[in-house]
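Given as structure tokens, the chain that follows is alone and in the form predicted alone.
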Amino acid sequence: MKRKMEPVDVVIVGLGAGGGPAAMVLSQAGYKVVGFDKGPWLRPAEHYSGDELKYQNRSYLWPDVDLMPRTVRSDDQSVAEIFNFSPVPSNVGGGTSHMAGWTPRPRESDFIFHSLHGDLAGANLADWPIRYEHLEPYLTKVEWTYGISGLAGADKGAAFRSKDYPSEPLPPTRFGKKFYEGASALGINAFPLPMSHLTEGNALGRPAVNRSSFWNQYGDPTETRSSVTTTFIPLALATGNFEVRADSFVRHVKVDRQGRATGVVYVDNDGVEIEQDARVVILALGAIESARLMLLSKSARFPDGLANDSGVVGKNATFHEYLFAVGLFDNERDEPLNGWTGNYQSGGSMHFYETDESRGHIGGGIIATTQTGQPINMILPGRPTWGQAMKDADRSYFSHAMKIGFILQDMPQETNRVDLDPTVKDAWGLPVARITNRPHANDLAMSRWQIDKNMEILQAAGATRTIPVYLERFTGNACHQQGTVRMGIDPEKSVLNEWGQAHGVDNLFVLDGAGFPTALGVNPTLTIMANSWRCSDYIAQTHLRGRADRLELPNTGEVRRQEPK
């Protein structure tokens, strides 16, 4: 017989970028909130370090593929294989505990992609049910609560902002200066990207005690890099209204006969199955696992999965792919770049973000320069893996290499989706997520054009040799997941409305990247946090007070299609 806990106002499943802000907003509004995460609650000073083997080779933060596998296939006719596709750390804080810290804002064009471009053959473009102006106040709130450094006005194509950053940008590294040299020679607008790393003298009064090039995919023991566990979670706990239940795996969402969510059933760290009732259920597990939990939560009212009247749950999945070009410099002529100092990323550009159809594709994405990795795990395509040849390559290039990366904005396709694998099960005996994914022709064209441009920048900076890494297939290496439970106005074509609220279950909300109708060309974390805050305000101030409201959108028919430049 299941144990049953005292009911609360809100349960949040997943305490990463989406769940953290929701926990803070709702507990500060006076509601009793319980947050679940299937992983442990790691403390920076106790658990995090710069141990390369621990983080890069022993997967300290990544999901254990033996316990929580995923399967991947390219189409319906292919056999799905177990692969750790788009992994996100399994612990309280989720992706914010490992991320490099890129936190750029989206642009106004991101919210009206279909109005700008119309139908794209083979893709399923859509406008968002909100606009940039609806999100802007919350982008500012996140930047000043979470802690973001940046330089307002440096991106010449950026949308309006209501407030400057609370922290000055990180100074350029040696490889960052090389990037600026190359960009300047080609007339490209380059600038210090907004980062969740604070600098000294920041307006938040937080210490900025250390930075290391190795904190990408590492936990930061100094807390200089912001995370949900050092910002939103402590603020929520300070209210006395919030409880974290780590190491707790939610099996399914409960519904009553009318189909309203009544709570969740979870398994604690001792293997005990427990019920937790609540007035509101929020899912924030990431786009893959939120869709999976909805598909697992079948009932007489929802035989195809929770809130899946439209059949859209799991479809239109998008996954940014991180692509790059490496530049090698002359170790006798050029000063060493010393990629291990300063910061993993230093300098970027959104110069090629907006559509220019003369390039042969629509859309674009952010680019940024980075170092090429750590001593054991250097990122150098074609590098020998052992013996004298490997030693020679390391001596020549470890301090004389850099790369310019690119966040590929993939086009949403209905056939790219998450569903339940019919044969593979996880450690709890439940079907795992099966990802079906194949690149769109626009993805391949965008990859080729931008990586070629990145090589031009490296050559203009003095690189003697460049190595491209183009898109061949999606691996989920950016860990960015979007679109499986898309927001929209039409309940027949979407799952959520503009508040992240399920069309068919009015007390169910999904507040991670799953709701994004299109992928964005920037890292999604800042947008996820801002949208979660916006929707949580609605839950606290409107829904839980027994009211409902709708947003008024401008007439998208008046939006002019972008003309080729």
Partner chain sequence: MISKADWEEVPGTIDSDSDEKLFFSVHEWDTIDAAASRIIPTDADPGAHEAGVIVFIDRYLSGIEFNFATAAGGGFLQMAGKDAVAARARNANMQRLYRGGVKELDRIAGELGQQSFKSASADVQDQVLEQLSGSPKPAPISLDSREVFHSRLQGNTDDGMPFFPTLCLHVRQGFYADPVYGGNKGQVGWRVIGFPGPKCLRDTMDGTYSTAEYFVQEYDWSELIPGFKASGG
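Computed from a prediction, not measured in an experiment: that's the story for all the values here. Positions refer to the first chain, counted from 1.
Keep in mind that the form predicted together with the partner chain is missing from the display, and what follows is about it.
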| item | value |
| --- | --- |
| Candidate from 299, 477, 74, 415 lying within 4.5 Å of the partner chain in the model of the complex - any heavy atom | 477 |
| Position in contact with the partner chain when the complex is considered in the model of the complex, options 80, 469, 424, 445, heavy atoms within 4.5 Å | 469 |
| Every residue of 67, 385 and 393 near the partner chain in the model of the complex, heavy atom within 4.5 Å | yes |
| 4.5 angstroms heavy atom contact with the partner chain in the model of the complex for residue 499 | no |
| 4.5 Å heavy atom contact, residue 398 to the partner chain in the model of the complex | yes |
| Residue contact check: residue 321 to the partner chain in the model of the complex, 4.5 Å heavy atom | yes |
| Distance check, residue 202 to the partner chain in the model of the complex, heavy atom within 4.5 Å | no |
| In the model of the complex, segment of 262-270, 139-147, 237-245, 351-359 with a heavy atom within 4.5 Å of the partner chain | 262-270 |
| Members of 28-54 lying within 4.5 angstroms of the partner chain, judged by heavy atom, in the model of the complex | 40, 41, 42, 43, 45, 46, 47, 48, 49, 50, 51, 53, 54 |
